[in-house]
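Shown below, as structure tokens, is a lone chain in the form predicted on its own; questions about how it binds or moves come after it.
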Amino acid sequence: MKEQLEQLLAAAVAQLQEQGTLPADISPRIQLDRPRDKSHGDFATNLALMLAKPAGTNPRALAEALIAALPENSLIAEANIAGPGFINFVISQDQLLEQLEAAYQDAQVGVSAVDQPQRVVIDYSSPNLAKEMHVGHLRSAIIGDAVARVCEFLGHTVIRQNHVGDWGTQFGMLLAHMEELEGNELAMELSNLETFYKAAKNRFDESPEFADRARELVVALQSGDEKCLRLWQQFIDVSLSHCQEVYDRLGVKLTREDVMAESAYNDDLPQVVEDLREQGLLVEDQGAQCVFLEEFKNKEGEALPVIVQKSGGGYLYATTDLAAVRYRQNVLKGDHLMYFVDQRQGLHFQQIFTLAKKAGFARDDLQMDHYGFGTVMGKDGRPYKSREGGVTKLADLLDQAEARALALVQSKNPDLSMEEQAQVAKVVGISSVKYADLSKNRTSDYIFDWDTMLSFEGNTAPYLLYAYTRVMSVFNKAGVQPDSLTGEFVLEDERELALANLLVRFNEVVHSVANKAMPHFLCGYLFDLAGAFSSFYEACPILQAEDDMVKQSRLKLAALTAKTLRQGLELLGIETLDKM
């Protein structure tokens, strides 16, 4: 609907250009928004205000000309001018009814596929395998997963890449500690990676002999020593198993096949440096090999270096990331590379993207974007930590979420069996943690608050999960299947119209999530949809409707609401429940 209206406006602009009312050399960006005062219409645009100056005319006069130049259509019921030149549009009810029916019948709930599907390579989660995943890994994993799901839903080919950290000096320390342990003792120690890491770190700090051995093992590992590689692989396998357990609990679509670790690029790193040297981009600075990009300068106006090889010969994140860009373009054949990494890495990725294109590692038309995110904060305004003051392991956080949700379920619905309570607690607990994060603006920090995220009031997972079960209860009482209704939509009550107008916006919202990589757009929409259904449900009797035609229409509105809620939550990676 929005796209159709934008096309009509584009045609009106073209006609005014042909007439000479608008300059022929401008290509305005036509954008429609939802008016704040919904009584003014369904869509609004400030196009006349934007074009008035280049046209040398009054905005309201130009708005009138734009309306007059709109092609004949059955989409617009009314167009009016507000304020200094805003144009408001009211969509015809016939169009609304047509879109409702199409969404009801469609497996995609009325969401259109993209016109030009791409191969989208999405880099997300990417934990350091030296330790177990902690709360700091939450945002990358679930935001990246939600955007990946949305891109797939819209028809893109999505290639997930889990760029785990499995290389570097810290692994020498871990290998040295593994050498000291044998058989069952080693297996037992590795069962808790956090404890194992701390023990290795203590040995490194306290024993000069151990520290020397750790440094020797780093060199041996990087030189391909067979014993070191065998120990290293054993550690990596255990660590990846821990990660996979967390991904499975979170409902994140990452598998071992998606892992493309730092070590996978080792063989290409010398070639990256050599290729930069051949192109005359390398400069030696204090023994290190660097590229100075004039696009990035410090406060003194000096170009900042991208260091690709340390003075001792070692490589850095920049070297690996450049190799990864080449691999994702040349081997994975990516059209769009998306990186979901902490926003503090913003400068790093801008430098990598710029250098990759300057060095010819990336085509000019290869799209590369870093989608940064804020930090999970505690109520004290600092990065979230456990009660003991340490970093909270993600597995422990999920355990606590399920335990809190179980207590909540038992108090709300003690009639459920123990098995049902456990299942509901699992879904509610995990969903609450995920939704509390996804519902916040990706670029902002947010406060982690158990009481808020597990509340049945407000924009929370429990509220939406309950809203879905409430809709489905209508069909349980009616004894009919939501997808078997045959009546037509009839919209008379203002609450029916409000719900209908929101339902047909699903397509627009899903596309906006993909375009901006902002899952909170979808969360806000689903919250509004649940609220609109609640208002409709209270004001418009469904099973006790005055006649069968109205009853069938209201049942279809309820069915489409349930279908939209379920699909929207699935795109966020959140499972729904039949009862709570």
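Don't overthink the numbering: it's just position in the shown sequence, from 1. Keep in mind that this is a model prediction, so the values were computed, not measured.
What comes next is about the form predicted in complex with a small molecule, which does not appear here.
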Self-check item: Distance check, Gln345 to the small molecule in the predicted complex, heavy atom within 4.5 Å
Solution: yes
Exercise. Verify the contact flag for Pro127: yes if a non-hydrogen atom of it lies within 4.5 Å of a non-hydrogen atom of the small molecule in the predicted complex, no if not.
Key: yes
Quiz item: With the cut-off set at 4.5 Å between non-hydrogen atoms, does Trp232 touch the small molecule in the predicted complex?
Solution: no
Exercise. Indicate whether the small molecule has at least one heavy atom within 4.5 Å of a heavy atom of Ala359 in the predicted complex.
Key: no
Exercise. Could you tell me which of 267-275, 334-342, 437-445, 301-309 sits within 4.5 Å of the small molecule in the predicted complex, going by non-hydrogen atoms?
Key: 334-342
Quiz prompt | Heavy atom within 4.5 Å of the small molecule in the predicted complex - residue from Trp450, Tyr317, Phe456, Phe292 | solution = Tyr317
Exercise. Report the residue, out of Phe349, Tyr463, Phe153, Tyr384, that has at least one non-hydrogen atom within 4.5 angstroms of the small molecule in the predicted complex.
Key: Phe349
Practice problem: Report whether all of Asp123, His163 and Asp321 sit within 4.5 Å of the small molecule in the predicted complex, measuring from non-hydrogen atoms. | Solution: yes
